[in-house]
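Starting off, we have a lone chain in the form predicted alone, written out as structure tokens.
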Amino acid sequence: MLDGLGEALLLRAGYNAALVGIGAALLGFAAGAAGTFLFLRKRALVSDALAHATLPGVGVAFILLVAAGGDGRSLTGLMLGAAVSAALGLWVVEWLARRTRLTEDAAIGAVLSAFFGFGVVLLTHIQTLQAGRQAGLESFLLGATAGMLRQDAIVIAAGGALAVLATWLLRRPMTLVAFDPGYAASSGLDVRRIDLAMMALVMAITVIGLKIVGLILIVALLIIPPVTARFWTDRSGAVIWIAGGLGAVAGYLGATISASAPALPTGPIIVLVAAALFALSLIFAPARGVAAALLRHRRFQARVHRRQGLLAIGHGETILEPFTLRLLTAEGLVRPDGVATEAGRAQAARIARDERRWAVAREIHQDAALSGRYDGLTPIDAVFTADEIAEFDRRIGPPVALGGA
């Protein structure tokens, strides 16, 4: 399997496998980038409704294709039926949200369950038909690339490329609407049309991804990459392209792994790769990752213990807390027996004097906002000028050296 995976990763597993890998990467890039706008707009559930609403369209399209004399397995025809069904589902959600007292999430839940239930009934009926090739139709639920025809792979690759292009062209107005629809409207943008364009783009990605990822899991490819990208940056423009890159990596790796082991369904593998990237980002992202947060907490804890230990030295107290003692000993401020060194006494004297300086500052300024900046850790020279600190020192008097042990 490892040899097969290496061949697939290097696009040497055959023309079809290479096309599927490239198509999955393009689809993943488009899904990650377009999903960012849903994530920023707080409309992630819409993608779930769209995905589930495609199933009746697949069933109806199959029946119509068989009735027209075909075998019902034309990917283009099935994708067209899925698109029509998804558009109808989106229209029903919009109509219910605008014309009734239902909230959008309630409307989405109703449409999602009703359309998906109808689609399951259609698929069950299709299995009883004597005409057509029903085998493998359930792959639209979880995705599968095994046995995919060359023309199917070309359709998916071309559709993924067009979705990437559409995302690039619409990125600016969709970003503005996602962040501040009120400002977008005041700037002359038609917010409703941009929202519809956003939904149309998501619908196109959903339909294109049916064969590879499946309608149940396509929502994961739309949402997981943007959520993962958010760990790495605070800039919306960067989130879009990082999410696209993560989606492309998940799509390509998932498709190649599935191609090297045909028994594995493509959609779940792609989602698992995306989930693995999310888990790695959750732990190791430099700004928002768990490891970075633990490191910041540890550093803050060390600063607090250091200050409290030096204050204890300044007051002539014995340091009993083991962590504080180890910290100050490592810095050469106290000896292992807890007795302060000359450097430790000098640091303690400075900390004690800064405490008195802050007391004078609060007395002089009587400014709640200013005194509120005092957290015991911020150096006083980061808040006041040298002239102001000199005035504090004049009022306090000359420094008093701490006695040794």
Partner chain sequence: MPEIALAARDGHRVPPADADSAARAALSIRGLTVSYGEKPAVFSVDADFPAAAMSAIVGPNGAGKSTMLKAVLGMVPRLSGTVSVFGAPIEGMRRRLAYVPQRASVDWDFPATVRDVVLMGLYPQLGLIGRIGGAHSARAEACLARVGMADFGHRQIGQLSGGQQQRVFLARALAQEAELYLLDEPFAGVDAATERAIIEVLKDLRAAGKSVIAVHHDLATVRSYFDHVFLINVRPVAQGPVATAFTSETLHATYGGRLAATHLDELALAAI
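Being a predicted model, the structure only gives us computed values, none of them experimental. Positions refer to the first chain, counted from 1.
The same protein also has a form predicted together with the partner chain, omitted here; what follows describes it.
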(request) Work out which of the listed stretches, 53 to 61, 39 to 47, 25 to 33, 337 to 345, brings a heavy atom within 4.5 angstroms of the partner chain in the predicted bound form. (result) 39 to 47
(request) Select from the listed residues 321, 317, 331, 180 the one whose heavy atoms reach within 4.5 Å of the partner chain in the predicted bound form. (result) 180
(request) Identify, from the list 74, 281, 236, 260, the residue with a heavy atom within 4.5 Å of the partner chain in the predicted bound form. (result) 236
(message) Since only the chain is shown here, I'm wondering whether residue 176 would be in contact with the partner chain in the predicted bound form (any heavy atom pair within 4.5 Å).
(response) yes
(request) Check whether residue 297 has any heavy atom within 4.5 Å of a heavy atom of the partner chain in the predicted bound form, and answer yes or no. (result) no
(message) Even though the partner isn't displayed, in the predicted bound form is residue 154 close enough to the partner chain, meaning a heavy atom within 4.5 Å?
(response) no
(message) Is residue 186 part of the interface with the partner chain in the predicted bound form - any heavy atom within 4.5 Å?
(response) yes
(message) With the partner chain taken in the predicted bound form, which residues across 285 to 307 come within 4.5 angstroms through any non-hydrogen atom?
(response) 288
